[in-house]
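A single chain, nothing else alongside it, follows as structure tokens in the form predicted on its own.
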Amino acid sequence: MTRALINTPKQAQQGEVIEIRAMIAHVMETGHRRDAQGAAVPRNIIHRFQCLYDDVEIFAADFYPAMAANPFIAFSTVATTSGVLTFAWTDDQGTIQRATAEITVV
């Protein structure tokens, strides 16, 4: 299992623009390298990132092999209601890593 780091405000005013930052530890292997024996190292990248705010998609991104290892994402959204932010990263192996963060809107 990989490690995800999420940085969101715990509390915000209704209508406030908040910044959300997320990073996941992942090798992002492009498939272009060769190992010591000359065999191709299989491609394994995160190809999709998605963030849901109370089950509504608010941000999504598609990644390609040129993306660096341990991808970092930063984006903004408007705090509307108290709820849960759900983050999901999908890699080439079909593995989906999820993380959540709660936000209280006052």
Partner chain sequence: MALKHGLAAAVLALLGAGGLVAQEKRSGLDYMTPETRAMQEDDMSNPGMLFIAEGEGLWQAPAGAANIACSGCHGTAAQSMRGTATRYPAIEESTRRPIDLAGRINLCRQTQQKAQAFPAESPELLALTAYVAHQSRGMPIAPPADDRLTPYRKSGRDLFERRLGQLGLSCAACHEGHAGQRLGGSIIPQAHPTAYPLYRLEWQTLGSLQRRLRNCMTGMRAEPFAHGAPELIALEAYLMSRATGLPIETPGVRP
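Numbering follows the first chain given and starts at 1. Just so it is clear, the model here is predicted, and its values are computed rather than measured.
The next section is about a form of this same protein that is not shown, the form predicted in complex with its partner chain.
With a 4.5 Å cutoff on heavy atoms, Leu85 does not count as touching its partner chain in the predicted bound form; it lies far away. Its partner chain in the predicted bound form comes within 4.5 Å of no heavy atom belonging to Val106. Proximity of Ala68 to its partner chain in the predicted bound form: non-hydrogen atoms within 4.5 Å are present.
Not displayed here, its partner chain is kept clear of Arg98 by more than 4.5 Å at the level of heavy atoms in the predicted bound form. With the partner omitted here, the stretch from 35-43, 76-84, 48-56, 22-30 that lies within 4.5 Å of its partner chain by heavy atoms in the predicted bound form is 22-30. Of the residues in 71-88, only Phe72 comes within 4.5 Å of its partner chain in the predicted bound form through at least one heavy atom.
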